[in-house]
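Before any questions on binding or motion, here is one chain by itself as structure tokens, the form predicted alone.
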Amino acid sequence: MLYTICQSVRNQGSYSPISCGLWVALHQLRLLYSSLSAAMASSWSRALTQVSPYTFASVGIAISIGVSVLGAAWGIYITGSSLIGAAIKAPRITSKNLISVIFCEAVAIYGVIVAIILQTKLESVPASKIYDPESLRAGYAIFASGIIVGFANLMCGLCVGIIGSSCALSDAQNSTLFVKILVIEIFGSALGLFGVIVGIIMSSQATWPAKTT
């Protein structure tokens, strides 16, 4: 093969060994890219069609609760540390700024609720119907729903935590800023609800094949 490539380069009028080497290298890279692309396409298609839909569903449920709790913990860490630090100078902010911690905790509650809803979507089907298109669609729907809710709540918890931290520090300096920043925090906490709504709608597509009697 290498001799043929070099001969084709020579026939085109280029006798430089460097040109011949470049042609050979490019040809080998093209073959390697083609083989890798075919292997990757085959592996992804095999993963999507031969992995059990129950695996996709279980991973989606785990992401829903796990990533939501991560977002809530991250938000509480950010706002809680600022609240405790600012309360040293202004102890009056402690009680009313706890609402920021409650907003962060609500993010984890969203994940728990959706995880319970997704868990109720799991149904037992015969082994012969596990890889039916309807079963695969149900597994993908639960998986997508978990990803939507989990990462929406992750960003929501991070957003509420940063705003809550700013709210605590601002309230320690000027108490009139609390209500104004609280309004922004309420809008930030609504972002998680958007993910919950879309996730529930997505999970409604999870219908498993009917059992044959």
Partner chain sequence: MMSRVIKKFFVASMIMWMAPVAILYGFNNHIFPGTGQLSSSSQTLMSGFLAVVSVNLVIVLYIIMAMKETGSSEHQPDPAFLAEANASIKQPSNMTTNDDTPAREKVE
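Numbering follows the first chain given and starts at 1. It should be emphasised that the depicted structure is a prediction, and the values quoted were computed from it without experimental measurement.
The discussion below concerns the form predicted in complex with the partner chain, not included here.
- Put simply, Glu105 is close to the partner chain in the predicted complex: some heavy atom of it is within 4.5 Å.
- Tyr110 belongs to the set of residues with a heavy atom inside 4.5 Å of the partner chain in the predicted complex.
- Taking the partner from the other structure, the partner chain in the predicted complex has no heavy atom within 4.5 Å of any heavy atom of Leu191.
- For the chain shown alone, Ser81 is not a contact residue for the partner chain in the predicted complex, no non-hydrogen atom being within 4.5 angstroms.
- Proximity of Arg92, Ser95 and Phe178 to the partner chain in the predicted complex is complete: all three residues have a non-hydrogen atom within 4.5 angstroms.
- The partner is absent here; in the predicted complex, the one residue of Ile99, Ala73, Ala87, Leu136 having a heavy atom within 4.5 Å of the partner chain is Ile99.
- Proximity to the partner chain in the predicted complex, taken as heavy atoms within 4.5 Å, picks out 178-186 from the listed stretches 160-168, 143-151, 56-64, 178-186.
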